[in-house]
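As a starting point, one isolated chain is supplied in structure tokens, in the form predicted on its own.
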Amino acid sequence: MSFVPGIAVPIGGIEKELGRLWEESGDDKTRASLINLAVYNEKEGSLQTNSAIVQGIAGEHAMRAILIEADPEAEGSSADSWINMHCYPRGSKGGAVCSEQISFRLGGLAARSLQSVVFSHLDSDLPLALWWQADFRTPVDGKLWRWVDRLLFDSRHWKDPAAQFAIVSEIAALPEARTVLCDLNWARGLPVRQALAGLFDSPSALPEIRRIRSLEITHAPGFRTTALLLAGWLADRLGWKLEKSGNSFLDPSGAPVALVLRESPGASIARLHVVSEGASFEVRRDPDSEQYVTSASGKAIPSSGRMVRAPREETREILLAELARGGRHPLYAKAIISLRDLW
């Protein structure tokens, strides 16, 4: 039996049918929405996957969810739509708080006219977060992106990161756009960046950050871009310039800094090893561990180490964090530029 994402309704009657659905749901249910979350995917079956994701997060972040499963290459034009609600108990007050979900399956011309078919169903003037789960295409459509407040994507899945980074950078630079780039892959590396930064908190360790001579990152299969974003962040913060070989940087003094990436099963970033002229710094996460182990040792600094809780890396957790935060990611674009020739 094929998956049905809700009650089938005509596209022209979505708002009317949503109103009827609320009337029939009873007085104990309260509609809630803090944001519009649109999710775009071009794979068959994505409506089922994304409906489950929305159901899993709507209880913690009320929204109007707009799910799109598109086939832009289909002949002609086709459009089907469904409505649904996700309701959760309202604690001691009784009743339930509900988020709305509108689902679309679009083909051909309808899929290529995304903004007119879908974004007419945004919930009033609430912010729009668009989670783009497909490859970006050129030319960039300014009419689409001027609606988007936060553009979510995951660079980990890109087969051609250089081309994709170029397109999202073009989107962010559009004069009419207000779009903030939110790479889930960048968010995935946040706890490692924090753990590494913590190793240089002591006065004795801080001078070594300017004397780093090698950077080694061990990452899981499929997480090379996660590791590169981490290297790009460090290169930008410390003023390193990538050499043409791509195997090393030059620091501001002209001294070389070796870059080594290793692939091994385990956590997305299993180990980060930084060696300076006078010390060694390590952030390590063992398989199935919920902790990062950090350590520092050397002739110039006292040996130290600690355990740092590693946030969960599931897409659900990262997505909730991105939806809850505001503002931009000012270091993200700089990290990309620092490794432009490696993507």
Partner chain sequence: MSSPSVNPLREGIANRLAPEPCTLVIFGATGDLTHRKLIPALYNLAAEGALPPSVSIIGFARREKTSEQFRTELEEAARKFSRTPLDEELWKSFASSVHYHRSPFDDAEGYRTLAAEMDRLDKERGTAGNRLYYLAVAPDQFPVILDHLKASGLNRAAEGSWARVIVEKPFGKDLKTARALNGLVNEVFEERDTYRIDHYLGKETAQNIMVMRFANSIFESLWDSGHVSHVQITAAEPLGVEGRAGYYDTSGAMRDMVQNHLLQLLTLTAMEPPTSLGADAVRDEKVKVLRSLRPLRGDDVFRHVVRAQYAPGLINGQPVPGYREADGVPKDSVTETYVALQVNIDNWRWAGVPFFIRTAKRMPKGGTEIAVTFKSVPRVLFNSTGEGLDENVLVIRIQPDEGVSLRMSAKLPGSSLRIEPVKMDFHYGTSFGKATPEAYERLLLDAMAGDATLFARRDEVEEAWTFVDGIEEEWKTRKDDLAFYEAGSWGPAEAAELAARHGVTWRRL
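Keep in mind that what you see is a predicted model, and the values were worked out from it rather than measured. Residue numbers count along the first chain shown, from 1.
Form predicted in complex with the partner chain: not shown, discussed below.
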_Whether G56 contacts the partner chain in the predicted bound form should be assessed with a 4.5 Å heavy atom distance threshold; does it?_
no
*Hey, in the predicted bound form, does K16 get a heavy atom within 4.5 angstroms of the partner chain?*
no
*Just to confirm, L196 within 4.5 Å of the partner chain in the predicted bound form by heavy atoms?*
yes
*asked:* Using a 4.5 angstroms cut-off on non-hydrogen atoms, would A267 count as touching the partner chain in the predicted bound form?
replied: no
*Residue among P287, G26, G45, P302 with a heavy atom within 4.5 Å of the partner chain in the predicted bound form*: P302
*Exactly one of E176, D201, D160, E75 has a non-hydrogen atom within 4.5 Å of the partner chain in the predicted bound form; which residue is it?*
D201
*Check I7, N41 and R312: does every one of them have a heavy atom within 4.5 Å of the partner chain in the predicted bound form?*
no
*Which of 144 to 152, 187 to 195, 101 to 109, 76 to 84 has heavy atoms within 4.5 Å of the partner chain in the predicted bound form?*
187 to 195
*asked:* Could you pull out the residues of 94 to 125 that have any heavy atom within 4.5 Å of the partner chain in the predicted bound form?
replied: V97
